[in-house]
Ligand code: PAF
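Presented below, as structure tokens, is a lone chain in the form predicted on its own.
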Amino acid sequence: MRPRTVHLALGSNEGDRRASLERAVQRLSAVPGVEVLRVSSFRESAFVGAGPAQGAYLNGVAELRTTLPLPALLAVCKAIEAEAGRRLPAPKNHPRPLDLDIVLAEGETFDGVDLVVPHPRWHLRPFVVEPLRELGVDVEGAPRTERPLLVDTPGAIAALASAWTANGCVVGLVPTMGSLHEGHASLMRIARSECDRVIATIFVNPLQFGPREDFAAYPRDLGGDMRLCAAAGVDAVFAPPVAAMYDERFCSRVAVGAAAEGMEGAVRPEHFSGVATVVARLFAITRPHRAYFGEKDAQQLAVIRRMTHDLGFPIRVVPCPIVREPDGLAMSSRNVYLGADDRRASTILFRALSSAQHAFARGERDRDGLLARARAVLASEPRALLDYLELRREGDLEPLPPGPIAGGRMLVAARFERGVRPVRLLDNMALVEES
């Protein structure tokens, strides 16, 4: 590689701190392909962050000229840390005899499992900023790693996801239509806990709206959505315009089978074909290792699982629990349209499902008896106009025959039409024995 300037942060808060930093600089100078140009003065800083009580750090920055690829330079740094007595892999936020971080690299970025350059937090650390300024670096103009990145073209998000995968990252995808709430944030946090990089998509998909459904009125708030994604630890947001997803000659649709029949499939005949098509396209563009979907849309989840299996996508579909308001209402972007009286009435869905679950836990096993119990609760609320109430097999949502059942998932949809605008609400609940 061509020679370029790299800035390396040095730190120690265990043992002879100054000797550790000076020895690290000497070791770096002896590495072929590395020239130490300058080293800032060392300064003391208190430990900041969660972790065991520990002493102050001695910090500085070294300016290098190197032909090593950044992963190779990282390997050199880790070897020097180990020589200094640091245990690797190192426990997070524990005392350390030596800490070497690649902060900036001239004209270069890297985003992998063990290395991100520019360092994501360099500009937030005075013990890095001040030594960089001492070395003449324009810290205000120096590059930063922004999270989340906002990407609006399929090519750009595909390149980003491919780079992450090539650099050893497990990539998670959270598809959404925006107007995000705590339910979406919970999916992102689960993805964050399981993946090295997380992509959230924000795309109101016209293919899943019927002719009498108002695609244009679906709530949109990209600014608020970006703030929620940032708080949830999302690395990139893919928010394309419709033309970027479907050009004027786009004509392909994913056909869906038994999983899409009945329930939402009966009320919205083309809906699941549109959902499957956009999810397949997102899978093909981003090629994630895992994709996260909420259990609130249980039939959608069954359709996506079937489509993923049938089309051979090497992706793990991860179901995530329903997030509810304190009174039990399942969180939904459409809840904002409920009038005050309809909002109070909307909890009837949760109460009906809970009634069936309590009966099942107490020993009721007859399919029709459980449905009758939930239907009676729903009938007590005249504002809820029932579309369907069904009890299906867990997982694939195949119909359950009459008679005794060993478990299942009860699904309900109802309309509330006396608010700002008509709202259809979905909910479901697994029937399980209490532990």
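We number the residues from 1 along the sequence you see. Note that this is a predicted model, so its numbers are computed, not measured.
Beyond what is shown, the protein has a form predicted in complex with the named molecule; the following relates to that form.
J.: Using 4.5 Å between non-hydrogen atoms, is Phe293 touching the named molecule in the predicted complex?
T.: Yes, Phe293 is a contact residue.
J.: According to a 4.5 angstroms non-hydrogen atom cut-off, is Glu270 in contact with the named molecule in the predicted complex?
T.: Although the named molecule is absent here, Glu270 would stay clear of it in the predicted complex, with no heavy atoms inside 4.5 Å.
J.: Is Ser346 one of the residues lying within 4.5 Å of the named molecule in the predicted complex, judged by heavy atom distances?
T.: No, Ser346 sits far enough from the named molecule in the predicted complex that none of its heavy atoms falls within 4.5 Å.
J.: Spell out, yes or no, whether the shortest heavy atom distance between Pro97 and the named molecule in the predicted complex is within 4.5 Å.
T.: No.
J.: Quick one: in the predicted complex, does every one of Ala9, Ser20 and Asn59 get a heavy atom within 4.5 Å of the named molecule?
T.: Result no, not one residue of the spot touches the named molecule.
J.: Name the stretch, out of 100 to 108, 77 to 85, 253 to 261, 295 to 303, where some heavy atom lies within 4.5 Å of the named molecule in the predicted complex.
T.: It is 295 to 303 that comes within 4.5 Å of the partner.
J.: Among Pro175, Pro131, Gly183, Pro148, which has any heavy atom within 4.5 Å of the named molecule in the predicted complex?
T.: Checked against the cut-off, the match is Pro175.
J.: Quick one: from Val117, Val278, Ala236, Ala161, grab the residue that has a heavy atom within 4.5 Å of the named molecule in the predicted complex.
T.: Going through each option in turn, the one that passes is Val278.
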